[in-house]
Ligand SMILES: Nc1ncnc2c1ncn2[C@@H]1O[C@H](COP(=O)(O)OP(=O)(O)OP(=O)(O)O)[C@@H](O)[C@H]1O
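Below, in structure tokens: the form predicted on its own, a single chain.
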Amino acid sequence: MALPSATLAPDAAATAALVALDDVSMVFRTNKGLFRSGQVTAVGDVSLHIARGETLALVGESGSGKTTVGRISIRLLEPTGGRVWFDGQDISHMPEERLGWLRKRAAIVFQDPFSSLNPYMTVSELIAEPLVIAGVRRRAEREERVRAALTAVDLTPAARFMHAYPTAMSGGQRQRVGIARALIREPEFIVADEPVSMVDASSRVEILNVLRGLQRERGVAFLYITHDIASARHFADRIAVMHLGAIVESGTARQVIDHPIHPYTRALIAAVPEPDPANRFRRRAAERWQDEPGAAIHLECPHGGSPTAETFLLQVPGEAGHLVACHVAAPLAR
């Protein structure tokens, strides 16, 4: 049973947010042999909204449905239910041939910089490819825009990197190339899918600072997909916590991190590494939460819930915008 999330009415979503998902669901069909098939619900009744120039962090463990939501938000996937709005237009089931305008205004930075970049293309060719597809024919114009994009992500001097191949670059540099590629058409909205998970700690800080700087300069809105709730605290304006394809808690970064209500959110925060030798005996959040597939409530809910109990996002008393899918904890939050 999927958790019904807090929703924006279509009219409100269309006017108040750059990107809005209204009760979106995604079901994938699977093959179990020659004559058998099944289905997997990756996302169930998720509602989100992202304002212009805002960063929303979508946090959860692997397999929670975060990437699926990100791909739906820019219509790389067509949802099986619900509606997706971009700047007031319903793009839920709009044919691909009519989405050219969206491909200019929205982009994605993929998680793995080692597999998302063609090793046989130079950095200049990789970044300029969206311009070629868009019909920018003048080579000089493409090169100038590539230089500007490289400068924007701090790969300078740009001439040093333009003719390099991804295989000759570090992981952090490759991820910057991926960001520059996403920026080349000056989008208003970027899905950053685990942009720092494949790079070292020092590069993570640098890349997040680059993204924050781009947001300040260009007003870009971000959907920041991550399993690292600690980085979400410092990079995002708001946080939505996903579990089993549903939003279980959402609010400002300060509300969710400093005053977590849902037991799953607390488990994620408790799993953040600390310089304490006793941590080696602490069970991970995933180990504490052995969930039944499709269960709306954890089988070991500390409040005595059951997988069939009806739950929905409730307003936390005294905290405007802080919502939690816990029928017991929300009223007793204070």
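Position 1 is the first residue in the sequence shown; the rest follow in order. Keep in mind that what you see is a predicted model, and the values were worked out from it rather than measured.
From this point on, the text means the form predicted in complex with the named molecule, which you will not see here.
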Next item on the list: Run the contact test on 30, 63 and 67 with a 4.5 Å heavy atom cut-off to the named molecule in the model of the complex and return yes or no.
Entry: yes
Check: In terms of non-hydrogen atoms within 4.5 angstroms, which of the given stretches 80 to 88, 67 to 75, 246 to 254, 129 to 137 touches the named molecule in the model of the complex?
Finding: 67 to 75
Check: Might residue 40 be said to contact the named molecule in the model of the complex, defining contact as any heavy atom within 4.5 Å?
Finding: yes
Next item on the list: Check whether residue 194 has any heavy atom within 4.5 Å of a heavy atom of the named molecule in the model of the complex, and answer yes or no.
Entry: yes
